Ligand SMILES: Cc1cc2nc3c(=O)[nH]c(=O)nc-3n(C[C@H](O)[C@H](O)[C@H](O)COP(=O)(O)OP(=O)(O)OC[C@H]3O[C@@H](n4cnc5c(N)ncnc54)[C@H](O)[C@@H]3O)c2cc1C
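Listed next as structure tokens is one chain, alone, in the form predicted on its own.
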């Protein structure tokens, strides 16, 4: 008899779950577990009723309908110490981690297994390509060509996990009640599955950049928790080359993380290291409270803090504004998104913040997202801004787009002049380039 403990992490599904399939096919008895790690909740600043917690528990509820699942709250290593001692398992199976913090967490559990004489098996999943096997430099175009040739979209046949013993251990209800989860307000597994089925990927390239239009897939939270298989997403979307390209960008950052593990804390563009960020606390506060005086920026912050998600085009505007208009270190923005995003991924967040701040892999020397022209171009009828800033409902769109030209009564003054500040950023960057 081979008793296997299966550790769910970012793969909260039974369908097309390669690590689970491997464990179930080899085990005589399988114990599926998930740990709501209190240290992770603290780092992400997740409190009672947070939509990220609500969505996680909704995913655990959905998974528990498919498999008998044991859910624990505490520190992962302490939970595993108790589980390994109580249940005398022969092996622990789990999916290979994708992030730096995930690798540290798995390394600690692997060390515990080694001390206990338990086999630890890590199975590659949740990516379309083994990015570690892609040769070549860090250029996205060359990566993308190789990536397309290596995509593995094979979906596993349906399988049942019927070897789970009945144990005196908690299910998802007890753990989720303990952490204060509530019914989700904006995100649910059911909604994500319906979105995957019903979204028009054929119109993605045309509408994806317009935040006031329902043109983006909004699947990132589901991909983040693994409630849908990345291979299923690829198969459904491969009629849209632009969407597939975005899937490749996701995996490109994991590729860069393997190639340059130090990018977690250090800019990929070496000449931008040590830039003289001003980090003015009053400007940081205004940004984080959505009081910059630039409606497209403030609307994005309100959406982020309310829904725990923000449209991708607006993410770029926010990141560019914080770094290049407010002259704030990209790490401050990375931390702000970390503390709010429902689809937060450490590697993707670091990579995207570096890119938008012109310290990462963007081939352009300096790319600036002008909040005025971006608002005009991508929210021409002010639908997005007015949704999150209803106090601007009666104003003309031109006034909403350009707060430097049109002073808005009753709305905060712009905290900086975009054009002057970008000139200052370029001066700071040029010093590093010399």
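The shown structure was predicted, so the numbers you read here are calculated from the model rather than taken from an experiment. Numbering follows the first chain given and starts at 1.
There is another form of the same protein, the form predicted in complex with this ligand; it is not shown, and what comes next is about it.
### Message
Please tell me which of 267, 329, 343, 339 lies within 4.5 Å of this ligand in the predicted bound form, judged by heavy atoms.
### Response
By the 4.5 Å criterion, the partner-contacting residue is 343.
### Contacting member of 316, 175, 164, 128, with respect to this ligand in the predicted bound form [4.5 Å, heavy atom]
Here the answer is residue option 316.
### this ligand contact in the predicted bound form: residue 112, any heavy atom under 4.5 Å
No, residue 112 stays farther than 4.5 Å from this ligand in the predicted bound form.
### Query
Is residue 309 close enough to touch this ligand in the predicted bound form, meaning at least one heavy atom pair within 4.5 Å?
Taking the distances in the predicted bound form, the answer for residue 309 is yes, it comes within 4.5 Å of this ligand.
### residue 277, heavy atom within 4.5 angstroms of this ligand in the predicted bound form
No, no contact at 4.5 Å.
### Message
Within 4.5 Å, heavy atoms only: does residue 217 come near this ligand in the predicted bound form?
### Response
Flag for residue 217 set to yes.
### Query
Quick one: which of 103-111, 242-250, 148-156, 79-87 gets within 4.5 Å of this ligand in the predicted bound form, going by heavy atoms?
Comparing against this ligand in the predicted bound form, the contact stretch is 242-250.
### Task
Just give me the residues of 342-379, first to last, that have a heavy atom within 4.5 Å of this ligand in the predicted bound form.
Read in sequence order, the residues that approach this ligand (within 4.5 Å, in the predicted bound form) are 343, 344, 345, 348, 349, 352, 353.
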